[in-house]
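Single chain ahead, by itself, as structure tokens, in the form predicted alone.
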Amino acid sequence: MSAGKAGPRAVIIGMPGAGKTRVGRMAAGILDMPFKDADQEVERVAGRSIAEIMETDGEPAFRRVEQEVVCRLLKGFNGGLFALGGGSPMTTEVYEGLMAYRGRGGVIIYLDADPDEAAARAAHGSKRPLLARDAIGRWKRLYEERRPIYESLATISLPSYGSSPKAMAGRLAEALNERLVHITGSDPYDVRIGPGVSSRLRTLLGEQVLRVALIHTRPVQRHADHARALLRQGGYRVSDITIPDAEAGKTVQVADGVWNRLAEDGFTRSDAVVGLGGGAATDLAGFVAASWMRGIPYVNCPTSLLAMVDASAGGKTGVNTPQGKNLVGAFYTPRGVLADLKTLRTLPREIFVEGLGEVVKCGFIMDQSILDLLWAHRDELRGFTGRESDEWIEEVPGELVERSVTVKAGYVSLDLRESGPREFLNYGHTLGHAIEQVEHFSWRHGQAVAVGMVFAAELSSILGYAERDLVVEHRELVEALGLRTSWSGGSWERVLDLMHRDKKARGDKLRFIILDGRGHPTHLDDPPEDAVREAFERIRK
């Protein structure tokens, strides 16, 4: 919610005993913001306790006072956390007020408590007259009635199963600091970016899913262990599937092994896939989900900068073949993407830096602010160690991820199947993919794309589409970030053959994405071969 809009920063809803007041007050302390509790406000306004109101005047009178207090605070309490009583959203006026608040961009957080734990706490509460008799049984009946209402209102659901109030407060604070990019289209979904967003796995998968295939690589084992624990706490049966790292895991043979495992474990259309790792792992997981029984749900949890800004969002899934990269695949959208910035801390420096190649691309094809951020923080980004402060990781990489995904969302929402504008996201990829192929994927994707962008800028300049200073900016920024600007690998004949096999090629004609000035990508069809070769020779130096 942006500054200046009336209403709280977030409203907390949930059953009695879920910890709304305690967790909300602790989270407000972490975030240094005001906190109000609806029950306490009702008692202040009425001048007596809720129990006394209920006993003397009855529940309808209590609900009238509660409705008045809550609706007033939804409009006038600015910038803090506001915890509601468990039954408050069941009132028509409050429900409509919450929906209007949500429509203004407000955040509604549902604390989804473990029924046994919360019911026991509620049974011993001193301010819960509705639960006085048959407390635990009454609580569980109310839970079944109210849960669909809570879920329909919530913008964020936080399961609290087995978590301490302190841990829940930390997760709530993290949730309020997250960034969100919505990708529209026929199957819309959200990309959530921030520390701790992986805790939303259960919310994205939902209750209809029975089994989950957790597909990951060995280098991200610690993150896979965390995801597996979250899934099991949510009651899912988890099939843990480890695939080879990087491009070695993105083959038809690896996909076939995963299909066999799904068959052995009895996966049906009521089950789902979670892809966790770098770009190759999320590509493979998405392809498996798209092809198993003609499509089952999947969620991507990217753990590298490259995967966060590129591979995990957009719905492009696929595998490589000996003849080329991404030649076999499908367009298939995930239920959501959870880009947990905490995972960046575990990246080796060279893996973090290569992800900047795709970030630079987004800056040159659309968003000048990305280029400004990269220039301003080039030394810190190039020297990334994982020991940087939480604030820096949230502010600098967090904003770069959000802006890059926003660029991608703009193109994907218009062109899911890459038949037109979405091809602009392939800036630098025609030569980049050829480099990866010649080098047998020993080059990281972001490094290959960096050289590919310098090549494309050179080609733009040679043919008069862009000024020479744009080429210079490419070379200087790419180098300043620790990315490569040249390549001295395969022969011209070999590279030309591979570029003819690129997905953008039409018949026997080459097709490139170049820049007609900064922020203005365009298609270049069938350019003169001598110009293409000259650009190629310029990146050999």
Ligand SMILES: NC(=O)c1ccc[n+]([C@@H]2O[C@H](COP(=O)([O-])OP(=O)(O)OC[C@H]3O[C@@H](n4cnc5c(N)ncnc54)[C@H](O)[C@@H]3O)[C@@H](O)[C@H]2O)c1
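Quick note: we count residues from 1 along the sequence shown, nothing fancier. Everything numeric here is computed off the predicted structure, so don't read it as measured data.
Below, we turn to the form predicted in complex with the ligand, even though it does not appear here.
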{"property": "Site check Asp283, Ala307 and Ile351: each within 4.5 Å of the ligand in the predicted complex by heavy atom", "result": "yes"}
{"property": "In the predicted complex, the residue from Ala290, Cys71, Ala169, Leu347 that sits within 4.5 Å of the ligand by heavy atoms", "result": "Leu347"}
{"property": "Gln437, Ser404, Thr343, Ser460 - the one with a heavy atom within 4.5 Å of the ligand in the predicted complex", "result": "Thr343"}
{"property": "Which of 395-403, 186-194, 309-317, 450-458 sits within 4.5 Å of the ligand in the predicted complex, heavy atom basis", "result": "309-317"}
{"property": "4.5 angstroms heavy atom contact with the ligand in the predicted complex for Lys408", "result": "yes"}
{"property": "Exercise: Gly278 in contact with the ligand in the predicted complex, heavy atom 4.5 Å", "result": "yes"}
{"property": "Touches the ligand in the predicted complex: Glu117 (any heavy atom, 4.5 Å)", "result": "no"}
{"property": "Residue contact check: Thr203 to the ligand in the predicted complex, 4.5 Å heavy atom", "result": "no"}
{"property": "In the predicted complex, residues of 209-235 near the ligand [heavy atom within 4.5 Å]", "result": "Thr217, Pro219, Val220, His223"}
